[in-house]
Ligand SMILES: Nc1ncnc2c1ncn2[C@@H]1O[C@H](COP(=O)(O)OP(=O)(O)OP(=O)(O)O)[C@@H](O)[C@H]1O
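Below, in C-alpha cells: the form predicted alone, a single chain.
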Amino acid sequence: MRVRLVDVTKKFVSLRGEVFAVNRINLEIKDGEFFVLLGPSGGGKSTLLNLVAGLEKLSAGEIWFDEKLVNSAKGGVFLTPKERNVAFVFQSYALYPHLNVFENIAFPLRIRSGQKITIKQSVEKAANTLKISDLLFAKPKELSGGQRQRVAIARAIVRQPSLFLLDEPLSNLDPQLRLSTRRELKELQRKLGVTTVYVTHDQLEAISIGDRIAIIRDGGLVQVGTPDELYEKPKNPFVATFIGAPGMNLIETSVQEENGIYWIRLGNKRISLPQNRKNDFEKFVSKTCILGIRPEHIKINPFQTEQSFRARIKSIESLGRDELVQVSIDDVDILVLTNEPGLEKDEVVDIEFDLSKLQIFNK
C-alpha cells in the first residue's frame, strides 16, 4: 500500500501557546517499502506515526492510503485505526500480562470474532515465523525483552495488515540483541512485503534497515533519501553530522578564486579545489561557508605534500580495527578515522583530504 502525506500538520495547545509537533510535511511512502522516520528525540517522529495510524487527528492537511482519503482536517474525514487496517508495535510492546503468548497473539483475531480453527492456524503460523512456537503458553513476565518484542510483532502481523507501523520497537533491547533482531525484522518485512514505517532516533539502525529514510527535526522534514544518498550528499550540516558515526567534520572557511582556480585556506595553508567541481564552489567565492569532510575521507600521510596540512595529534581512541584520531590544525579540531600504526599523542603529522568527497554548505 502507498501512503501519501499532504501538508500534514499537528499542533497542540500548551501553557506556551500553540506548539507544532508536525508542521506541513509532504511525503510519499512507496508500496512495499521499509521506510524509516529518523531524528532526535522530541522532533515529531512518533506524532507523525500516530497520525498515520489514526491515533491522532490532523490539525491540517491530508493522509491518503493508495487512492483512499483516510484523514482530512478540512474535509472532516477521519478513519479509525481499525478502518485503516494498520498494525502498530509500540516501544513498550503493550502485551496483556494476564494472557499467555498464544492469547496475546490471538487477541486481534478474537475481537474480529474469527473461527477458532482459523485463529489457531494463524497464531501458530505467526509464532513459527517469529520463532516463538515454544513460548505459546508462557506469560509475558516469564519472557525476556527480545521474546516480548517478538510476541508484539507476531500479534501485529497475524492480522495481515495493509500497513505495519513500529515506534522504536528495539530500544529496550541490549546492543547485541538489537543488532540480530533488526536483521531478522528486515528479512521478515521482505518476506511479508507489507509497507512498513519505522521510527527510531538511532541513525545506525535507520541506515541498516531502511530502504529510504526521512530526517525529521523540530516537526519539519529536513531530507528524504536512501541511506547512501543521505550519507554521501547531506542537504545541510545537521544531516551531515547526524548521519554517520562519527559524524562529518565541519570547518568554517571561505572559497577564494584566482585565475579560474578555486581554493580554501585552513590554518596557514591553502589548497586548491577540484576543477571538475567548479559549479559547486563558485557561488561561495568570498563568502563564509562550511566545508564537510568525513573522518574516513582523510588520510595521514608519511610525508608532506602540496595538498596536505600539518596537524598535531590531540587524542587517539581505539575502535578495534581502526583508530579515531583527533588532530588540530592551528585552532581547528578534526577527526580522522585511520588504521595507520604507531601514532602517538602530541605527534605532528601530515593529513590530506580526499577532495572528491568534500561537501560544501551555506552557513
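Between two forms, the rigid core is defined as the largest C-alpha subset superposing within 1.5 Å. Since the model is a prediction, treat every value here as computed from it, not as a measurement. Don't overthink the numbering: it's just position in the shown sequence, from 1.
Below, we refer to the form predicted in complex with this ligand, which is not included among the displayed structures.
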Practice problem: Heavy atom within 4.5 Å of this ligand in the predicted bound form: which of Glu124, Glu103, Glu168, Glu229 fits that? Just give me the one. | Solution: Glu168
Practice problem: Would you check, heavy atoms only and a 4.5 Å threshold, whether Gly43 touches this ligand in the predicted bound form? | Solution: yes
Exercise. Tell me, yes or no, whether Ala21 is in contact with this ligand in the predicted bound form, where a contact means a heavy atom of each within 4.5 Å.
Key: yes
Quiz item: Is the gap between Ser59 and this ligand in the predicted bound form 4.5 Å or less for some heavy atom pair?
Solution: no
Quiz item: If you check in the predicted bound form, is Gln326 within 4.5 Å of this ligand, heavy atoms only?
Solution: no
Self-check item: Partner-proximal stretch of 328 to 336, 313 to 321, 63 to 71, 44 to 52 relative to this ligand in the predicted bound form, 4.5 angstroms, heavy atom
Solution: 44 to 52
Practice problem: Could you run down 64 to 79 and flag each residue that has a heavy atom within 4.5 Å of this ligand in the predicted bound form? | Solution: none
Quiz item: Quick one: core overlaid, is Gly17 moving 2 Å or more at the Cα between this form and the one not shown?
Solution: yes
